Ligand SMILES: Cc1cc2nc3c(=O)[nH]c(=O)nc-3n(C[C@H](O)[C@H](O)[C@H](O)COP(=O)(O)OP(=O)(O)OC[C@H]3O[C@@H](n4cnc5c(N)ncnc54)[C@H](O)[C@@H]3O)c2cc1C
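Below, in structure tokens: the form predicted on its own, a single chain.
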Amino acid sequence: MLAQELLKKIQDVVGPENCLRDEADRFCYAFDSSLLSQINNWVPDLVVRVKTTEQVATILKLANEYRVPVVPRGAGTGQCCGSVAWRGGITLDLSGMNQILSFDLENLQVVVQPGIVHAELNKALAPHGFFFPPDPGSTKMCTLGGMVAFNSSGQRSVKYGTTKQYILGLEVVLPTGEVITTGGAKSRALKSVAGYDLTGLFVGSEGTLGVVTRIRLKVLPIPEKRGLVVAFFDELEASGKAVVQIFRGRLLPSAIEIMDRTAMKAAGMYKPDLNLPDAEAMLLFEVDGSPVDVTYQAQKIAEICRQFTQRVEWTDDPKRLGELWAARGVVGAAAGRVKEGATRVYIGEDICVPVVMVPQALKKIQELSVKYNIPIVTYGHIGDGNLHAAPVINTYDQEEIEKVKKLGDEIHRMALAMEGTTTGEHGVGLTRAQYMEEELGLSLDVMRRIKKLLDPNNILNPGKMALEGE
């Protein structure tokens, strides 16, 4: 419960209409997509909707003075319990800061506020012939601020990388209320090595070090043409070998996606007209560039895949391309169809392993599915080893919840044993905090010291990323 004196001061900053105190309103902010948030009831004491950097700065200054936790939040599409106020306090809703502040396309950059939705940004850039390359599956919902906070990526990270590669500078409000600009106070340069890389420090910090209120980001010209190769494999190992051979063939698709048998089944149940064949795995390779280059790459990839399977198709026709991508596009929503009365949950859903280990990881996940008698729909970005395993359970069945917790733990520990990571693009939050000692080693201690330096009273998103330690 917040002190009335503090509440009054916050209302003076943003107005009473932007201070949500009603329990029903606050309840809407108690969740993200993670199972952990769904089985708890972590309702914030107050939700504050902000519109300006000055408001954010004043609220953080007040929270620091009163020692009240503050959790920044965009669209709440995260999957690691990163934007949930598990210790109460204030949830800072930044979704209203959603403007594009400037286009500077001659210099390949734009400046935006953190609340703009990813798809809306690319919609605004498209008429100018540009795009922001990171491509998360939640493009129609997630905000740029969240993408910065969790260093998001997506399907095209094989060629285009992750969000951090496109962030040129940030305006950040520190937990004490000070406002800094990283990447150069007035810079419009596309690169700089002046000083420590503070931009890189805040990207992926999950709202534990500061609140991002402005983002200067790099954009690229939209490729002239895209093509797609689809291949169906009867053995998981063959799909992994095909990907390795394609890299050895000096080819770099913009995306390489995999769906296992269960994922194909889920997509087929959700959209029967897809007519997917019976196979152990389906691979999708997207290529882009000039028309000549797209044709060359697609034909070479198809040729390599035919060393492992004869069921290969490629196209650069936009209509057919959309039809072939459809199966991958629906699988996230379709996962719950494989078990009647159940739903897909987010736990152990974001491991990343070396590319050559992907077939082995897929087999192990299938074995765990049998061991715990829980269906798992697995798909992901095989080009960088990032797998999304989606257990499907009845969330009203406590026994199934306990089983899926053990299942998620085994998936996380399998990734570490394979010299991978527990999270490739969704983040640590609370869900994966327990694995950070093992995964990060002594570097976690350095992270904790940085946190203490910037946030001495530990008010900003406390308890996340295992930053508190012993």
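If you're wondering where the values come from, they're calculated on a predicted model, not measured in any experiment. Residue numbers here begin at 1 and follow the sequence given.
We do not show the form predicted together with this ligand, though everything after this point is about it.
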Of the listed stretches (358-366, 260-268, 209-217, 225-233), which one has a non-hydrogen atom within 4.5 Å of this ligand in the model of the complex?
-> 209-217
Assert contact residue (this ligand, in the model of the complex, non-hydrogen atom within 4.5 Å, options A75, A124, L174, V338) equals A75
Ok, P114, P133, G385, G89: which has a heavy atom sitting within 4.5 Å of this ligand in the model of the complex?
-> P114
Just to confirm, G348 within 4.5 Å of this ligand in the model of the complex by heavy atoms?
-> no
Tell me, yes or no, whether P375 is in contact with this ligand in the model of the complex, where a contact means a heavy atom of each within 4.5 Å.
-> no
Taking heavy atoms only, is F150 within 4.5 angstroms of this ligand in the model of the complex?
-> yes
Is T182 one of the residues lying within 4.5 Å of this ligand in the model of the complex, judged by heavy atom distances?
-> no
Taking heavy atoms and a 4.5 Å limit, what residues of 140-166 are near this ligand in the model of the complex?
-> M141, C142, T143, G145, G146, M147, A149, F150, S152, S153, G154
